[in-house]
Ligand SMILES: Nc1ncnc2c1ncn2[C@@H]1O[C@H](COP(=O)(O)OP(=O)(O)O)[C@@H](O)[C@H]1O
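In the block that follows, a single chain appears as structure tokens, in the form predicted on its own.
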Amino acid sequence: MIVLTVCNHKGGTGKTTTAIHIAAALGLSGHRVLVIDLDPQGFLTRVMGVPEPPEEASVLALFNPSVSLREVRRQSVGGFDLLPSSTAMTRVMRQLHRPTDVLWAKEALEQSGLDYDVVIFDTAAAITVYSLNALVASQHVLVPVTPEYQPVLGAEQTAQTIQLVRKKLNPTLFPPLFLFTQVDARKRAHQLYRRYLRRRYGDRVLDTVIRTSAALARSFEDGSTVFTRDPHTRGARDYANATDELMQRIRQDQKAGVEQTPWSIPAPSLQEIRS
């Protein structure tokens, strides 16, 4: 089972849109996919048209030792299953302050016996006990990044966090992969930031990019995706291609092994980014 976290410390980079459409693309290609909404704001849950669930039927089941994840009813939406967010996550987060509280999600997945090909965590644009739970439970990380100053800086800070989690908490975590989102080829700044990130992170940056798309920009809360609403648009094509490339990169990483995948995550260089 592949466990993937989608994260960026900077908001507005298409993180949730990416999690939804990678899950949907995988579902359309025959994979059994579970999406876990670990963002207390629950944007993914709302976009997929899922109403507020009882706490025991939400993502909080991961943090309840008396509840087995296998027994929790998961919502079927958009070609994948969803474990929805809960507004009670903010309250519960205040209780998760022990060092071992970053292990809840990992242990819940390992003990659940769930039969999925891919599990995808969607996380908040911040370092919280929930996002750390996702990284500790995952083998792979995808960082969506808009090629602009703040999102690129956020992506690099996220890479630093991922490297720290690997060193201290999860030695099976591969280096992050980066996906450019909301790309406008007409903007010179977008070209500069894309070159900058590719120069620093090499083949950890996917070749496929997600271009600006009116179909992706429209917000729905009915459980649909661009694949069902506008399957012939470039947004649908881009996410289908990005998903294919992502799975290929994941398979390459797994074949090489985490010990053979280099960890050379440079510190952000503000002067170089601005240039």
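Keep in mind that this is a model prediction, so the values were computed, not measured. A residue's number is simply how far along the shown sequence it sits, counting from 1.
Below: the form predicted in complex with this ligand, not depicted.
In short, of 224-232, 207-215, 23-31, 54-62 it is 207-215 that has heavy atoms within 4.5 Å of this ligand in the predicted complex. The closest heavy atom approach of residue 182 to this ligand in the predicted complex falls within 4.5 Å.
Contacts between 40-64 and this ligand, taken as any heavy atom within 4.5 Å in the predicted complex, involve only 43.
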